[in-house]
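Here we start with a single chain on its own, the form predicted alone, put down as structure tokens.
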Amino acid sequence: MSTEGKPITSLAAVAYEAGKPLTVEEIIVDPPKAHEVRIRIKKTAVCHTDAYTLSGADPEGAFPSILGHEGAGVVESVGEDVTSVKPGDHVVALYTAECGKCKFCKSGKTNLCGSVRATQGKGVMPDGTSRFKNKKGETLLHFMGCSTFSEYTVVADVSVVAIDPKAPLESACLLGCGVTTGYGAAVKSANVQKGDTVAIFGAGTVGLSVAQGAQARGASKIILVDINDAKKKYMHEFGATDFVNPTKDLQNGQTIVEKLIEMTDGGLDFTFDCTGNVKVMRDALEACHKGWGVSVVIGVAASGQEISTRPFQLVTGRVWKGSAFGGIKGRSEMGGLIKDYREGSLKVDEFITNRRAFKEINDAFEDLHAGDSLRTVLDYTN
């Protein structure tokens, strides 16, 4: 029986308020309108950004909403004027859209598309309304243009990409955020070159993906900086050469900046912040080499936080820059990442440390906070 054009009952995890566990329940998902796509999500993963929004620290966080932005599945139906995907296509949801027509897309300078940004930030579709409601009829908001914590979700056609159906969906979902963000930050945003030295603050999925990107580029030294020794076990698998725990591995009175400068004859060519901690962002910048060091901010800081350093750090040639989704354009470049994964040059499966049924989603958030896991992939079919 066709579901096209009809509301669908869907299992979902609803964030009713900040700081509370998600409520797993059945919701109603409306059919897609023009330039919209309804996807049956098969696999979704939990990312720190989901936990960050749920915590209440996110300035754009709004409730009640359906979180989740690392998801892959199959197109169930499409609205009018959708030409990029069709029912049955295997797809990845994209929180960074790519329309190809806006000022940003046409500039060739950025992957930040402006087509749906304003409405996406408000938790609604481009027409200003939601496709989700609970069984009481209450409207539920969208999240990051994806909302993959619902078995059926509706996204804008500029926020989804068809992928090779041979790629396992549990792996493809990780390319919707974490792996792509870190890997792209190294190879695209920073454009790390052979022989460069790199330090990465935060050894989670994003940080380790930066490491594998730096290794792919032939970096001579790749230092992971993390206060959790449990992450050390992952370093060699993803290409890091050194691991420094700032709470244990510094001399008396030594700062992490001094330690890194000592390890690299004057500082790093590139540093990456994957923590969202503004004090760490300063350390990352100041550990850069005078004259040419570049520090890339990937981590998202809490609402109201600001970064600071002495202007002299910048006058003497250090550069502070940011990276969203690794600088990757999701619709035009995802195919290349999937190809690299299938050919074995991009590690993805190695990040899956836990697998759970979707109904165990709150446990998946606990996995994330436990400190030694990387990604928990949730399966809707269990």
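Not measured: the values here are computed from a predicted model. Heads up: residue numbers just count along the shown sequence, starting at 1.
Not pictured, yet referred to below: the form predicted together with a small molecule.
Novice: Please pick out the stretch from 311 to 319, 352 to 360, 47 to 55, 331 to 339 that is in contact with the small molecule in the predicted complex, where contact means heavy atoms within 4.5 Å.
Specialist: It is 47 to 55 that comes within 4.5 Å of the partner.
Novice: Hey, in the predicted complex, is K43 touching the small molecule, heavy atoms inside 4.5 Å?
Specialist: So K43 does not count as contacting the small molecule.
Novice: Although the small molecule is absent from this view, report whether H236 comes within 4.5 Å of it in the predicted complex, heavy atoms only.
Specialist: H236 lies outside the contact set for the small molecule.
Novice: Hey, in the predicted complex, is A324 touching the small molecule, heavy atoms inside 4.5 Å?
Specialist: Result yes; A324 sits at the interface with the small molecule in the predicted complex.
Novice: May I ask you to state whether R117 is within 4.5 Å of the small molecule in the predicted complex, using heavy atom distances?
Specialist: So R117 counts as contacting the small molecule.
Novice: Using a 4.5 Å cut on heavy atoms, which of A219, L174, M144, V91 is close to the small molecule in the predicted complex?
Specialist: By the 4.5 Å criterion, the partner-contacting residue is M144.
Novice: Quick check on this chain: which one of Y95, Y152, F132, Y183 has a heavy atom within 4.5 Å of the small molecule in the predicted complex?
Specialist: Selected option: Y95.
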